[in-house]
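Taking the form predicted on its own, here's one chain by itself in structure tokens.
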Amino acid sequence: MKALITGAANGLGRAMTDQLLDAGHEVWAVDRDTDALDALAIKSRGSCRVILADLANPNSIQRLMRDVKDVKFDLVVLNAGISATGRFEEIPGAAYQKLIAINLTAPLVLASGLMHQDNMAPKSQMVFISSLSHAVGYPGASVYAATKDALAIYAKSVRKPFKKRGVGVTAVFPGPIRTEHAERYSPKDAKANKRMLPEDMAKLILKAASKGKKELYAGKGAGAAKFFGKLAPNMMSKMMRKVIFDKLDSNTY
């Protein structure tokens, strides 16, 4: 199997990359972290093809598309993402522009480009990593939540036309994960041991993709959060504000 993963050098993306490589699959690992990509290339001993790309840069995305123009992928995981937490009005617009470019514009352009360029193999699967915020909101990270919500809607919208071309679509809504990314954007007193390990989350996502699932709510309490988010959205918004926004003591972007 040939797989393409964005944000592949760290966190959840790295966990998925490692598991696919360990299973004997070929991985095209896309990231902007040069050092982490180099380490991945060394560890994989050439079985992983690393691609340095800044997904906030349209020219970099075009180069990425040229690099893979002759490859047929069985699995594509559009995972790369950043955040910005704090008071909305205090975070500069440039930070939000970069967030939107990486979290939303890049996966939409890549998904469209891979389909247009005929990079998807028959019976392949495309995975969009959204967020549990799609169900419960994310006070203190409104633009992040907006990008992940839009990504989920896009995945739902293209599922039928992609299926006609032999490509399945899976939308993933992960709960909290124990990564440096989560640590960076969380309140200082957040308990990391309550978050799911990226290795465990990766297993759930890859299993869901292999089975062609349309949606996956993964992580501790994700199913319950989805249920109560629909049943009592105001209550969930108040709870999320209490456990996240009210505890943020600085703006991070």
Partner chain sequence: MARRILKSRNILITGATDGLGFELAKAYASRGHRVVATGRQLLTNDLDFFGSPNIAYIRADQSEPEAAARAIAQAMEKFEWESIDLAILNAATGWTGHPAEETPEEIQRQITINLTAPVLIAKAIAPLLFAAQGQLTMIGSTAVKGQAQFATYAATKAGLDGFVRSLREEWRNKAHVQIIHPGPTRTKMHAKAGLKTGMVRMFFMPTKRAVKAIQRSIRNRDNKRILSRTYGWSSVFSSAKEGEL
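Positions refer to the first chain, counted from 1. Computed from a predicted structure; not experimentally measured.
As for the form predicted in complex with its partner chain, it is not shown, yet the points below apply to it.
- By the 4.5 Å heavy atom rule, the three marked residues G46, H181 and G221 all fail to count as contacting its partner chain in the model of the complex.
- With the partner omitted here, the stretch from 123-131, 103-111, 166-174, 67-75 that lies within 4.5 Å of its partner chain by heavy atoms in the model of the complex is 103-111.
- When contacts are judged by a 4.5 Å heavy atom cut-off, V143 counts as touching its partner chain in the model of the complex.
- Heavy atoms of S210 never reach within 4.5 Å of its partner chain in the model of the complex, leaving it off the interface.
- The shortest heavy atom separation between S237 and its partner chain in the model of the complex is within 4.5 Å.
- By the criterion of a heavy atom within 4.5 Å, I82 is excluded from the residues contacting its partner chain in the model of the complex.
- In the model of the complex, the residues of 145-177 lying within 4.5 Å of its partner chain by at least one heavy atom are, in order, A145, A146, D149, A150, I153, Y154, K156, S157, V158, P161, F162, R165.
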